[in-house]
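Just one chain follows, in the form predicted on its own, and it is written as structure tokens.
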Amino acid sequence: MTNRISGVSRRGFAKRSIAAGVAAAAAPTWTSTVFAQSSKPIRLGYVSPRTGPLAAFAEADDFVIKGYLETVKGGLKIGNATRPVEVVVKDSQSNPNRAATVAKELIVNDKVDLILVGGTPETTNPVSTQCEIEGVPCISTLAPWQPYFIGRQGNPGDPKTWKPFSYTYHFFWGLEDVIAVYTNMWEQVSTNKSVGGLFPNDGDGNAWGDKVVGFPPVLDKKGYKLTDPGRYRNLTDDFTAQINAFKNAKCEILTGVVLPPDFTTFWNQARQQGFRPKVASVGKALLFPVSVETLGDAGNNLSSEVWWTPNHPFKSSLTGLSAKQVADAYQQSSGKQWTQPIGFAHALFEIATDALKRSADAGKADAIVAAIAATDLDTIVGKVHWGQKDLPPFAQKNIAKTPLVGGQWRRAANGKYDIVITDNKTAPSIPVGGQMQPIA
């Protein structure tokens, strides 16, 4: 099923739901304009987990895409031609196999010129891999670079065999950044440096818990003792074994990378069973205010990495709007609180547009790839350019790093949670709003 929505009349747009089960199999095509039908459109494929346990990462997709199409409603000028833009949207359903399938559909059936993808390695990796196989340009985000890059290698366990990719480019931060942010926050609270690691059996969990590239070697060098009970299955309903391991090790710090529903289960069981760490810094699950709100008072002072907020000092290269203006627009249009993926979904379209405008021939994959590789763009999430020297040589071609800071959730009088930046040592241009407080 294909639905077209023009930039002049988008009737029914507001009715599009990203709730579970809605549009899971649909592939709407959104067109920027109705003029010049004789002009061949630029077709962008967009894949994200609109449904399933990772759906929070895609909550703002409709808002971002609608705003993008409004911005380019006059078409994109590429060379001497002005061409309309179409965005073909696919739902990975938070499933890696589904992600690979819809990527193939975009390439073979929809014949897209460029694919954009975000939403953890479970979506970015299979889509990027399919693009690499088919020779289609792809820009991805919302996954630390190690599980993205290393996880896609033929032999992830042997660095000597790792090779750069030809068609797939990624921008985000790395495990070295999140480890630095977390330990910087932990040092603000008096603890025994005993850390419990909650790592699932998925792309993120395996990377974060890896004894070579993950948390273990760095924490050991910094004097922390990590207790890792081993990988658990996502969407499990019993964390008693992990909780007992953390209690026995007298862990005063909790870390990990956990699905939002899994952390709710874990945290409620931990409190019931008497495990109350002083600090809990958890990736993925604690990115979204709604996930913290489900915990009630028990969510206060939980902490996480922070990729993007309304207070980040960046603006859109597409619209000139500041991070705060974009976040305010989302809140006004949706009635919901801003979330971190908004900035990165927006930046995907910034980078795609910039590269297409600079490409010698937007209909040729190699021309688009060359333009992507030459990107040097100030975006709403900061400067994005590939070839950075603060990455290992093997990753410099395909990875662009973005700034990362740390923050802690604080509950307001109205019951809502806001995240307060508590550490910016890794990105001093992003202002701090307070200091770390121990969990009550």
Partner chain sequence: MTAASPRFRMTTRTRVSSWATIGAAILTAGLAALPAVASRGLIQDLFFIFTMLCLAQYWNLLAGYAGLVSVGQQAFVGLGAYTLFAATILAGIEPLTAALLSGVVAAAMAVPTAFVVFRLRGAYFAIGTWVAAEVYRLVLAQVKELGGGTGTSLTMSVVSSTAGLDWVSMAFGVRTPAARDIVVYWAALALLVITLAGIYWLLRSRFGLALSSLRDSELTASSIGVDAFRLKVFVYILTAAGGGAAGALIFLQSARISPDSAFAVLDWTAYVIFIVVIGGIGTIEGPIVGAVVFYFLQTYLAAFGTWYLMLLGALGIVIMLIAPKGIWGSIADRFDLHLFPTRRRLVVTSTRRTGDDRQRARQSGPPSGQMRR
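Numbering follows the first chain given and starts at 1. What you see is a predicted model; the values in this text were computed from it and never measured.
Keep in mind the form predicted in complex with the partner chain is missing from the figure; the text below concerns it.
Here the marked residues T129, E134 and R233 all reach the partner chain in the predicted complex, each with a heavy atom within 4.5 angstroms. For R83, no non-hydrogen atom is located within 4.5 Å of the partner chain in the predicted complex, even though that partner is not displayed.
Using a 4.5 angstroms limit between non-hydrogen atoms, K324 is distant from the partner chain in the predicted complex. The partner chain is not drawn, but in the predicted complex it has no heavy atom within 4.5 Å of T402. Taking the partner from elsewhere, V369 is found to have every heavy atom lying beyond 4.5 Å of the partner chain in the predicted complex. Residues with any non-hydrogen atom within 4.5 angstroms of the partner chain in the predicted complex fall in just one of 147 to 155, 112 to 120, 279 to 287, 170 to 178: 147 to 155. Out of the listed residues G214, G299, P96, P341, P96 is the one that sits within 4.5 Å of the partner chain in the predicted complex by at least one heavy atom. Contacts between 196 to 227 and the partner chain, taken as any heavy atom within 4.5 Å in the predicted complex, involve N201, D202, G203, N206.
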